[in-house]
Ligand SMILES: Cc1cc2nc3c(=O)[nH]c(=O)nc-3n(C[C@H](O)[C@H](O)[C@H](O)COP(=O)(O)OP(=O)(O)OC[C@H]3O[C@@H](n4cnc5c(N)ncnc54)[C@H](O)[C@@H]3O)c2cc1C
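One chain comes next, on its own, written out as structure tokens in the form predicted on its own.
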């Protein structure tokens, strides 16, 4: 068996953040990325003000991030509309661009990366099987596989789990006027859709819907979009910019609201493999970066034996933001409570800032 330490699975924000911090501390981490070339992610295009601080701590200045500025949130539910400013400046940026910038930063810091190397399974003895037949025995393993579970390290089963769906809306002046500098949340029975502009002017539309809601709409993302467009005029205006040949990305069984305080010695769980915050909060990237930074710092202080303590501490740190986001998610996926949320933000705008604060995590 080939021994490698520390080894990182996944070149998303969590994995690259860990690699950057490890390399800055004198280690020589190696990232294994399943994709031959990094593509866009289903969700994760929103960069909050807190996430910008984490990126700056990793050496990526805000002025170097060519994202689309976002300064407010707009809520839609049926014919009800509400808008409130965000606590601070945020941005929309494609995960393709963000991941590339973080990978370049990790490599320049001294980390290694192998593309097109996919993990197959993690075994009880701590060994790792790759899909090419190789077996590794890393002393320290950082699992940053995002929403995709690694065999041998699951996150349990959930009743009526969320399904993630993403489509890209074509850049257009009218779409730019409709969305502007907002992140939009379109609330409907059984789910919600988030929309914002990205660096090229395109619209990134990400949806989280219950599996049952998708089934009731015909079972396919295309059918669901058609049903939602007929029932929700504001969303229909945006869907008019969906290309006729658009690809629709989807991932099933996202365990929103899940988090863990348990791990094995030498194994650090990062990002969605440590805590899966509902995407409505817009803190997925922030949580990923925070987990990578904290895990790397724990390793630099205590080596492989620090994994269990790191996992407990990170679970404690994510309890409030994940719990708050889960509560907002459950409110948002009911049209009745969704309209109540809009009325509440209109009558007491400070409540939106409170919700934004409760769902943030520091690095």
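Residue numbers count along the first chain shown, from 1. Keep in mind that what you see is a predicted model, and the values were worked out from it rather than measured.
Unshown form predicted together with the ligand; subsequent notes refer to it.
Visitor: Under a 4.5 Å heavy atom criterion, is residue 146 part of the interface with the ligand in the predicted bound form?
Guide: Flag for residue 146 set to yes.
Visitor: Considering non-hydrogen atoms and a 4.5 Å limit, does the ligand approach residue 207 in the predicted bound form?
Guide: Within the cut-off, so yes.
Visitor: Check whether residue 256 has any heavy atom within 4.5 Å of a heavy atom of the ligand in the predicted bound form, and answer yes or no.
Guide: Yes, residue 256 lies within 4.5 Å of the ligand in the predicted bound form.
Visitor: In the predicted bound form, does residue 260 come within 4.5 Å of the ligand, counting heavy atoms only?
Guide: So residue 260 does not count as contacting the ligand.
Visitor: When the ligand is placed as it is in the predicted bound form, which of 240 to 248, 222 to 230, 133 to 141, 279 to 287 ends up with heavy atoms within 4.5 Å of it?
Guide: Result of the contact check: 279 to 287.
Visitor: Just to confirm, with a 4.5 Å cut-off on non-hydrogen atoms, which of 34, 331, 57, 304 contacts the ligand in the predicted bound form?
Guide: After the contact test, the surviving option is 34.
Visitor: Which one, 119, 106, 75, 197, lies within 4.5 Å of the ligand in the predicted bound form by heavy atoms?
Guide: By the 4.5 Å heavy-atom cutoff, the listed residue in contact is 119.
Visitor: Mind listing which residues of 43 to 77 have a heavy atom within 4.5 Å of the ligand in the predicted bound form?
Guide: 43, 44, 45, 46, in sequence order.
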